[in-house]
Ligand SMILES: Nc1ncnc2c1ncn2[C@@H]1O[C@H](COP(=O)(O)OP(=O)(O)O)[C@@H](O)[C@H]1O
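The chain that follows stands alone, in the form predicted alone, written as structure tokens.
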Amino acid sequence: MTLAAGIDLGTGAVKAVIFDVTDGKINWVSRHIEKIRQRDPHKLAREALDLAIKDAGAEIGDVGYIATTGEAESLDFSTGHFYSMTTHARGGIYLEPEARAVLDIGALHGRAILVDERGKVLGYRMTSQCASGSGQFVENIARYLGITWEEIGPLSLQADDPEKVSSICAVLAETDVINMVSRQISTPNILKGIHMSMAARLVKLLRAVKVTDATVLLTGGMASDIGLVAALNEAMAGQKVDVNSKSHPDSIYAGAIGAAIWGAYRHDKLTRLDELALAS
């Protein structure tokens, strides 16, 4: 058995996956995720890898390639590193083969990535770092409203008169929300308004990379927010963008998946070169 590992070190969480790549086949065998929560991310990355390997019923010696992405470039136990844009693109195609664009919405930013059927990046656009369109911003608002992360999406779907957040600056947007609470705007209407504002900016990114008549897969931590997915589809319909946005239960692992797949490809290529060198 030959294994390839992928580790995606993000701002909010570490994701690790293990793929069996024996005889050129790609089979996902295990995964593990750890929220960082002010802990040492490099130590968590190794723990996540070890647990994923254990869940696969394997040992570290069975792993032919340990690929990293995100902020994991300096991990001393990795074999190679890949840019997160390329790993999310490849991981997105693995999870949703019909997708021709990926919307990666993480803790600090959102980005639209145009891809082909192989996961090759054809173009991309990213939100500014201070924009109120990130997972960290939504998490801060949820904490202020006294609700859990899991409640955000379902509550947003209950909105009947959403109050849209106008500011693109996260600090000013949080002030907007505080004012909404003082005006007794309901939590569902606040959350739906936030989702509408985020969706409007994300649709602009998709338009900028010229995504048309395609399926878009959401990746990153915000992909599990069903309120945001609904707001995105509404925004696309409103702007007459012929695109269907989807999420996947494993969307948060897209970066790690892509890293593992690219790592397996590189491992196979290096192995073939070594065999040719020995044969000559």
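For clarity, every value in this text was computed on a predicted model and none was experimentally measured. All residue numbers refer to positions in the sequence shown, first residue = 1.
Below: the form predicted in complex with the ligand, not depicted.
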Completion exercise
Note: exactly one of Tyr83, Phe77, Tyr144, Trp149 sits with a heavy atom within 4.5 Å of the ligand in the predicted bound form, namely Trp149
Practice task
Counting non-hydrogen atoms within 4.5 angstroms of the ligand in the predicted bound form, say which of Val177, Ala107, Ala159, Met196 makes the cut.
Solution key: Ala107
Problem - Gly263 within 4.5 Å of the ligand in the predicted bound form, heavy atoms - result: no
Exercise for the section: Using a 4.5 Å heavy atom cut-off, state whether Gly220 contacts the ligand in the predicted bound form. Expected result: yes
Handout entry: in the predicted bound form, Leu49 touching the ligand (heavy atom, 4.5 Å)
Key = no
Problem - Contact of Asn233 with the ligand in the predicted bound form (heavy atom, 4.5 Å) - result: no
Practice task
From the candidate stretches 56-64, 235-243, 22-30, 220-228, select the single one in contact with the ligand in the predicted bound form, where contact means a heavy atom within 4.5 Å.
Solution key: 220-228
